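One chain comes next, on its own, written as structure tokens: the form predicted on its own.
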């Protein structure tokens, strides 16, 4: 697989990089393993100081780094800047709180003394996606480096300049060689890295197929894995919702990052009595989005990450329409250079259709009308995915009761599924397992070691 920057606004190749040969990868793993032997013994204060420097550099270089994101995968520039800010916030969050999260946990045994000590486990591999090339890495690297582990990152092959930029930030901040290392590898070679005895765990954010492959490789090698895979989040609007606010958030929830977000509001589920009003207002908002260069501040709908991604999404729409779904808005590639798709709404979607079962990764909203709130919950749960979801209602207690019935890792009330440093992120079903962010994210790759103290006079 080519490791290239291809600008999706023009579909032109900007930069190409060579894949690392096997001997170079083995040498990198050796360096990382040696670095771990030192890094595991450093004080939390030293680890925190490094992370704070990385975050400071990231903010200082925000404009330059944001332009790299937009160049490589087409994100609107303002959203790219927001991603850099979020990433720096996550890094600072773990620098500030990591020691507290990992402090010794005293136990209360029937006799003697006991406590749990959290210790790092070694060299970790992160396999990261292109859609949030800094944020996804920050939420993997920051907690694990703070915990005393060291990380290797195999980034998506279409964001190589972002990958190099993150590694450079760690080096500029003074990270010892081997604490954070970028790997230029094709996906087909990840299993060989996972199999290396010096790799102690692996985290992946990506597709179901990639997750299944990583999980199999990690399981075969008896290594811990954390997977954040696809999603098809339900965006439920109840009869008592503030429709203007619900429409506002539906547009953001579906179109953020041009719809290329695991927790995007992909399935818009609205109760029948307000469905027509909601749909008309939602359609009007999407119709008015300005298409253009993602580097330009006035652009509201940019390109997808690649022409291949755009073609795949159009194919999903076409297969759904051929099976009986209806296009209410858009549904086509835009006739211009670049990987552009019209903002799209499809309806009359039934089980078995592509749009019903598959993740729609782009600016395509699947719209459903349901008779009542219970039907909305049943439809929300009728999905192979279980990442996030949201409920819009002015009755907060009812919203909480319904949220407890949704089979996902996250449910937001009166807001689309979102992310921030102090909230756990992860799913269930085919959306993966394990958690990132918050206090939970730093616990995934540490050894919870029991230390027990007994006296000779204690009973057995």
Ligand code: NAP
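Bear in mind that the values here come from a model prediction, so they are computed numbers and not experimental data. Numbering follows the first chain given and starts at 1.
What comes next is about the form predicted in complex with the named molecule, which is not displayed.
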| property | result |
| --- | --- |
| Answer range among 212-220, 143-151, 333-341, 108-116 for contact with the named molecule, defined in the model of the complex as heavy atoms within 4.5 Å | 212-220 |
| Listed residue (346, 185, 255, 268) with a non-hydrogen atom within 4.5 angstroms of the named molecule in the model of the complex | 185 |
| Option touching the named molecule, based on a heavy atom within 4.5 Å in the model of the complex, out of 160, 120, 201, 230 | 230 |
| Contact flag, residue 373 vs the named molecule in the model of the complex, heavy atom cut 4.5 Å | no |
| The named molecule contact in the model of the complex: residue 282, any heavy atom under 4.5 Å | no |
| Any non-hydrogen atom of residue 93 within 4.5 angstroms of the named molecule in the model of the complex | no |
| The named molecule contact in the model of the complex: residue 138, any heavy atom under 4.5 Å | no |
| Interface residues of 358-390 toward the named molecule, as seen in the model of the complex [heavy atoms, 4.5 Å] | 359, 361, 387 |
